[in-house]
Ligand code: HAM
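Here we start with a single chain on its own, the form predicted on its own, put down as structure tokens.
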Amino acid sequence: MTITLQPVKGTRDFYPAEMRLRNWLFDIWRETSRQFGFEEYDACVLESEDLYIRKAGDEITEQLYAFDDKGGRRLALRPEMTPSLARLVLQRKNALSFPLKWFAIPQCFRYERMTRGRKREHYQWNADVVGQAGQTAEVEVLSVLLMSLEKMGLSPEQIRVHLNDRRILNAILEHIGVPEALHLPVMVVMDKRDKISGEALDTQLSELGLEAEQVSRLNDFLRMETLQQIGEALGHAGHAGDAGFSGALGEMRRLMETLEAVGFGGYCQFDITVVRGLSYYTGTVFEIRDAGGKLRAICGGGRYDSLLSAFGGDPVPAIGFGFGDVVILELLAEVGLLPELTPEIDYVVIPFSKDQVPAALTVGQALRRAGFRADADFGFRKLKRALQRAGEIGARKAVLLMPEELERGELVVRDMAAREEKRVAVEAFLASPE
């Protein structure tokens, strides 16, 4: 039997070069999260299938990697992290101190059609604020997200935050006479706007029960570009103190103003077409997209105040996002911002014969005990090739065990960047490596 050497379709292998890039990205995510006071958590990649089964027909339910285990339990590889977060919070709700500011970098799996930037597994940065009502949580979540993108070198000329509110969408659907029971299924279809043609979208809306006039009026709303247009069409002024959906218009204005005040206004725009396909969103929703619109959404999230109650708990205000690794690396490559990363080695110790191995091991261990990252090259290459190899692995310095110098009790330490060498007594070097 021939065993395939390729990874499972839609998954990836990470050789050291790819791992350096992945770690670089994860380091930015972790560092930025901690700057904002978020704490890291994790959960098992296996969950009960019913954690992801929802009545609104979310695509995610159809994309599960689900199976029966040997005990007959229905399990699934997690497709997203938010339900696991809700489960963790509900388990210890009475012992936790709210608000929670938690982040994770889970691996997620979805059996979906693969296109550019879309695979069947990906790593995803999740950051959530649980137990804090009001727009401060929105501002914090969007700020940590945008600061991470700035650390990658991205600017408003390259990325945009598209903001909307589910309550505004509900108001539109109510305004055109769509029954409340159809609101969530209609939004799941609306979220496919970037994936299928307009004709196919209209057909799916009609199949849900919308009349042709309702579909036409909905499309008219989706072509509106400003909050003012939406407010006038709904017959609401949209002040932040107003009740209901009119208040949502005012809150969106205030959110945009606050993001401007904290220095991120240049990234943000209102976009009535942003829906987010997951049924548990209740208020603010957002997506980050490349300015050229060539890629799928880089990141998305929103407020999900009713998710915990859907799992049997009391309602708890919550907001967060999921930021996948695949699309952002595509974008950074396209705009020339991917870093050139090499192994980070302080020293490589180079012996030139087998009888120098004990000395090489002693020097290497002294360097490590002194806090340096030290490798040893036991290939016994000629000097030129040994130095070439030291450069290839990114060594900052090379310790050469030259036969004559070593016999005199000296080491040759070479600065790889400056191409300068100096001789150092073995005992002095071991006592205090530079």
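Don't overthink the numbering: it's just position in the shown sequence, from 1. Remember, predicted model here, so these are calculated numbers, not experimental data.
Absent from the display: the form predicted in complex with histidyl-adenosine monophosphate. The rest refers to it.
Using heavy atoms and a 4.5 Å cut-off, decide whether N23, R30 and P343 all contact histidyl-adenosine monophosphate in the model of the complex.
Looking in the model of the complex, the three residues N23, R30 and P343 all stay beyond 4.5 Å of histidyl-adenosine monophosphate (heavy atoms).
Is L249 part of the interface with histidyl-adenosine monophosphate in the model of the complex - any heavy atom within 4.5 Å?
It does not: once histidyl-adenosine monophosphate is placed as it appears in the model of the complex, L249 has no heavy atom within 4.5 Å of it.
Does any part of A297 reach within 4.5 Å of histidyl-adenosine monophosphate in the model of the complex? Heavy atoms only, please.
Yes, A297 is a contact residue.
Look up in the model of the complex whether D128 has a non-hydrogen atom within 4.5 angstroms of histidyl-adenosine monophosphate, and give yes or no.
Taking the distances in the model of the complex, the answer for D128 is yes, it comes within 4.5 Å of histidyl-adenosine monophosphate.
So in the model of the complex, does P351 come within 4.5 Å of histidyl-adenosine monophosphate, heavy atom to heavy atom?
Result no; P351 lies far from histidyl-adenosine monophosphate in the model of the complex.
Any idea which of 176-184, 70-78, 131-139, 313-321 reaches within 4.5 Å of histidyl-adenosine monophosphate in the model of the complex, heavy atoms considered?
Single hit among the candidates: 313-321.
Work out which of A360, L234, L222, V326 lies within 4.5 Å of histidyl-adenosine monophosphate in the model of the complex, going by heavy atoms.
Exactly one listed residue reaches within 4.5 Å, namely V326.
What is the one choice in S279, T82, N170, N164 with a heavy atom within 4.5 Å of histidyl-adenosine monophosphate in the model of the complex?
Among S279, T82, N170, N164, a heavy atom within 4.5 Å of histidyl-adenosine monophosphate in the model of the complex occurs only for T82.
May I ask you to list the residues of 108-128 that have any heavy atom within 4.5 angstroms of histidyl-adenosine monophosphate in the model of the complex, in sequence order?
Residues within 4.5 Å: R110, E112, G117, R118, K119, H122, Q124, N126, D128.
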